[in-house]
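Below, in structure tokens: the form predicted alone, a single chain.
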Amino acid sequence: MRLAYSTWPEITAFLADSKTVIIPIGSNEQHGPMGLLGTDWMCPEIIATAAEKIAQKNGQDMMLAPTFNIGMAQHHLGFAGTISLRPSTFMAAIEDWVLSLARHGFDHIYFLNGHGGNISTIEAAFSQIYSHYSYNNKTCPLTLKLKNWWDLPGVITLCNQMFPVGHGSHATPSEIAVTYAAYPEQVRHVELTPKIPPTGPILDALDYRARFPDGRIGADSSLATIELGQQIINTAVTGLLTDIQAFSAEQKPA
């Protein structure tokens, strides 16, 4: 069940049986000469949407919130098209999303993330939300979870098998393959030089552009194919369905 394509009475009826909602979250940033700017929000959205469809076919409804598609990507601002939120803005927006959903009864809120640069800020936002209760000597009624799609069961093992050399850490063939599988009309064929770019630290935008001229970090994006992307999606969907079932069953101690 997709929240944005539902009416408020339908959401109310859903909440009578389940209090879990999934929020795909990512970033709109450069992914080298071959990767789409939306790669980091598309990957979790693609996986979550596929999982929701399977759950629906099996008579097990899942609630899928709209995708949070702008993240913390200041280090990519040296490349055209990147849009970034400052960490403080990002944290405030996450808190507002969570509190809005919580007001209506959702108490298990699962963020499926697609951008490594979001991780520390999302975790800080969770701590900020929990602190409102801790400082008032109250138990927070919310259970919040952050899961990177590549950390779903079986995914990283599969990606390492597919790409033993040239997987890298940004504009990776695995993430680009996922978007190609979902949007085959967006496949790019680009001559990459060098085939495998350098790796190194991530600092500010100008430093990043100087270290990684075409945007890639250690990744041979040309290894991405539609077929490999579909295999990754299938594995991630299975892992997500299992993880959501366990997350929904979590209970706070009495």
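Remember, it's a predicted structure, so these values are computed and weren't measured experimentally. Quick note: we count residues from 1 along the sequence shown, nothing fancier.
Not on display, but discussed next: the form predicted in complex with a further copy of the same chain.
Chemist: Heavy atoms within 4.5 Å of a further copy of the same chain in the model of the complex: which stretch among 191 to 199, 220 to 228, 47 to 55, 207 to 215?
Modeler: Flagged stretch: 207 to 215.
Chemist: Answer for Pro87 alone: is it within 4.5 Å of a further copy of the same chain in the model of the complex, judged on heavy atom distances?
Modeler: Close contact exists here: in the model of the complex, Pro87 approaches a further copy of the same chain to within 4.5 Å, heavy atoms only.
Chemist: So in the model of the complex, does Met162 come within 4.5 Å of a further copy of the same chain, heavy atom to heavy atom?
Modeler: No, Met162 is distant from the partner.
Chemist: Residue-level contact is defined here as any heavy atom of the residue lying within 4.5 Å of a further copy of the same chain in the model of the complex; does Thr121 satisfy this criterion?
Modeler: Answer yes; at least one heavy atom of Thr121 falls within 4.5 Å of a further copy of the same chain in the model of the complex.
Chemist: Is there a heavy atom of Ile109 lying 4.5 Å or less from a heavy atom of a further copy of the same chain in the model of the complex?
Modeler: Output for Ile109 is no: heavy atoms all beyond 4.5 Å of a further copy of the same chain.
Chemist: Does a further copy of the same chain, in the model of the complex, lie within 4.5 angstroms of each residue among Ala16, Ser18 and Gly168, using heavy atoms as the measure?
Modeler: Looking in the model of the complex, the three residues Ala16, Ser18 and Gly168 all stay beyond 4.5 Å of a further copy of the same chain (heavy atoms).
Chemist: If the cut-off is 4.5 angstroms on heavy atoms, which of these, Gly81, Pro184, Gly116, Pro153, is the one near a further copy of the same chain in the model of the complex?
Modeler: When a further copy of the same chain is considered in the model of the complex, the option within 4.5 Å is Gly81.
Chemist: Need the contact residues for 64 to 99: heavy atom within 4.5 Å of a further copy of the same chain in the model of the complex, sequence order, or none if there are none.
Modeler: Read in sequence order, the residues that approach a further copy of the same chain (within 4.5 Å, in the model of the complex) are Pro66, Thr67, Asn69, Ile70, Met72, Gln74, Leu77, Gly78, Phe79, Ala80, Gly81, Thr82, Ile83, Ser84, Leu85, Arg86, Pro87, Ser88, Thr89, Met91, Ala92, Ala93, Glu95, Asp96, Trp97, Leu99.
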